[in-house]
Structures are given as C-alpha cells and as structure tokens.
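Read the single chain below, which is given as structure tokens and is the form predicted alone.
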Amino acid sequence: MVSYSALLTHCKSLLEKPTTDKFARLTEVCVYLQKEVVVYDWVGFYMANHAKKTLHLKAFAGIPTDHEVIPFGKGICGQVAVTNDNFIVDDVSAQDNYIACDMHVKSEIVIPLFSKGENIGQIDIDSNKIKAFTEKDAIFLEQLNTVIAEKLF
C-alpha cells in the first residue's frame, strides 16, 4: 500500500536539497517516485513555453522519449496545457489524441503545475497497467505540485 504522506515528505526533502539546479531536484523526485510506486513506470515534468505554445521535457525517470517538445493541444500533456485540468486516462488506446511514447504504456495521469496562478508545466506519469491511477494519485500529485511551486518557482 502506497503511503502518499510518506512520499510527499520525502519529495519535500529532495526539493529542499541545497543545489541551485531546480531541474536536477525535479529529476530526483522523478527517480524516487518511479522507484517507490510500482505502477509509476515513467515520471516526468514538462514545462510550458507560453510564447511558443509548447511544453518542454525538463526532468524524467524511465525510458527516454522522443517527445521532448509537445505543442499545446497535442496529446494528453498538450490538452492539460490548454484546459488547466487534471487528466486521468484509464486506457490510452481509447484516446484519439494520445501520443505514444512507449508501446507498453496502458494508462496515464497528467496534473498541471501552477505558480502564481499560471500553468507553468505539469507532471506526467505513465503506467504499463490499465487503470493504474485513482483520484488519490491525483490529490497526491496536486499536493506535490503545490510544494514544487513553493520550493522551486
């Protein structure tokens, strides 16, 4: 059983490390979450470039992806950049606007990252299991993104 409270506490400690590179700290969070949560097969942070209307992969853990830049509106991440809403996909094969990063991915969750009221990016998590994510994951990731915004942005 996943203890979201323990995960959040450990992530806070990673974010408070005395390093100036915020994306190195985000990478540590990605690595930790991928290791600790069995259904989190790929964890990454995409940051928004509002001028170009693109998302840019800045930190991740898992299989490398060719999708390092995603236009707003394209794929699940791109949709979240436009809507500012959480998006849980139980089965990616049922999504018309899904960008396949790995043929083993079955489900995905994307939670926007807000700083000062603006969507500056998002956490994107893929799982090789159908229906891997619940509302509890969404709440935990919202809390994590709040801490990230406070500590890094």
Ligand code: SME
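Quantities reported herein were computed from a predicted structural model and do not represent experimental measurements. One-based numbering along the sequence shown.
Not pictured, yet referred to below: the form predicted together with the named molecule.
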Out of I99, V37, I88, A59, which one falls within 4.5 Å of the named molecule in the model of the complex, going by heavy atoms? I99
Quick check on A81: any heavy atom within 4.5 Å of the named molecule in the model of the complex? no
Please tell me whether any heavy atom belonging to L113 falls inside 4.5 Å of a heavy atom of the named molecule, as the geometry stands in the model of the complex. no
Consider I70 of the chain shown here, and say whether it contacts the named molecule in the model of the complex, taking contact as heavy atoms within 4.5 Å. yes
Any non-hydrogen atom of W42 within 4.5 angstroms of the named molecule in the model of the complex: yes
Residues within stretch 116 to 138 having a non-hydrogen atom within 4.5 Å of the named molecule in the model of the complex: D124, D126
